[in-house]
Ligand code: BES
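Take a look at this single chain, the form predicted on its own, given in structure tokens.
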């Protein structure tokens, strides 16, 4: 979708549809929505007699969040359709609601077969948002809400919406134009990065395996100006990354570690480091999962996809911050070479890990990457992983991710970034008692405890590879419940969510 900004009146804009909005409880529309209502008024010119006002008076539109009405303009304005979208209650309005309503409106336009859609900047008027932030969220929502994964569609079904080709962002106030243009540009960059992450998550595992993911990362890095280093089996062995090698040894598709670096010229200081779990398919290995739902395990690399998308956006936004993305990649398969329960694995840190379950594989990848991060003396590290079903049980599917941290200030920084990005996280405790549950009789540590407190013991397992010499501010995000969306709602669409990209970019912007 091409995005451009125009200094004009929305009611005078030629497009297949124009998008305006209304807060819940408003009885007479104002601003751009009021201007459209007036243009759609009756011939007698009586104020409040336009088509939008009539919908309100009849009770057919109340302005509830994501409520949509389509008005056919009968030639009264250049656009044949007006899409009216509800903003919800004004005291609950936020940047994330801008994304939601924009996604809802543009998806409706796509369902109607529109190719060119013009929209006002939601929230930049009475909504009270900064024009740049409002424009960014408006464009994000438009591009995210109309995303569709079609790589393997040989024919479109009748219900498949068409693709919108052009988004016209219309701003009448010339004094806001520069900020709206900047916001629209960054919104497009962010949305395209999130959609790139979604595509990786949605891609089938026979097409996206460790080497294929690494190839995608190299191609993206070359395109946007990142440095990219790929460790194959030889380099992984040289670095003694026993965790990554163990998980990948049961697959015919060997493991990889991808390092992406954003190092702007002249920018000094300790880098941020992002680490993303990249299990491109998880059978559970020898501790094999039930077949029900296993197909969704192609999304067990959602943390890696988030790091991929964030690094793409950070490079394109040209943020003045050193950032490193580490993406350990493996396919967890149960063939004759697979690692087994009872094995003891030597990790890069020197710790020896007793394997209790080969289905606790993601933490093995992350452990080596987290230890590797120490060499950069980072200002802060955050790892994202679809790690435990226990976190889904605790926080719900599609609701929030769990956050653990070893540093109060860093935890608050991450939570602020997530809140600004509209990605929910909930702080969970890193109690030392969780560490006691993963003590091993035959090694330094075991890779899982019992089923009780599994989200906490998994986090403490990772902390063992952060603590001690070279310890840095660290946060672990268990995003197991944020892998796939099951419905089209707001800017979310069925399939991979792309969760985490916005939070990571926000961290690079703010920290």
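Numbering follows the first chain given and starts at 1. Values in this document were obtained by computation on a predicted structure and should not be read as measured data.
The same protein also exists as the form predicted together with the ligand; that form is not shown, yet it is the one meant from here on.
J.: Are 324, 374 and 476 jointly within 4.5 Å of the ligand in the predicted bound form, each by at least one heavy atom?
T.: Heavy-atom distance to the ligand in the predicted bound form: none of the three under 4.5 Å.
J.: Since exactly one of 363, 99, 198, 262 fits, which has a heavy atom within 4.5 Å of the ligand in the predicted bound form?
T.: Of the listed residues, the single hit is 363.
J.: Name the residue from 334, 389, 341, 398 that puts a heavy atom within 4.5 Å of the ligand in the predicted bound form.
T.: The option sitting close enough to the partner is 389.
J.: Would residue 448 count as a contact of the ligand in the predicted bound form, using a 4.5 angstroms cut-off between non-hydrogen atoms?
T.: Residue-level check for residue 448: yes, a contact with the ligand.
J.: Do residue 483 and the ligand share at least one heavy atom pair within 4.5 Å in the predicted bound form?
T.: Residue-level check for residue 483: yes, a contact with the ligand.
J.: Within a 4.5 Å heavy atom cut-off, is residue 136 in contact with the ligand in the predicted bound form?
T.: Output for residue 136 is no: heavy atoms all beyond 4.5 Å of the ligand.
J.: Give a yes or no for residue 419: in the predicted bound form, does one of its heavy atoms lie within 4.5 Å of a heavy atom belonging to the ligand?
T.: No - in the predicted bound form, heavy atoms of residue 419 and the ligand never come within 4.5 Å of each other.
J.: Can you check 424 to 432, 141 to 149, 380 to 388, 268 to 276 and let me know which stretch has heavy atoms within 4.5 Å of the ligand in the predicted bound form?
T.: Among the listed stretches, the partner-contacting one is 380 to 388.
J.: Note that the ligand is not shown here; using its position in the predicted bound form, name the residues of 280 to 308 with a heavy atom within 4.5 Å of it, in sequence order.
T.: Contacting residues: 282, 289, 297, 300.
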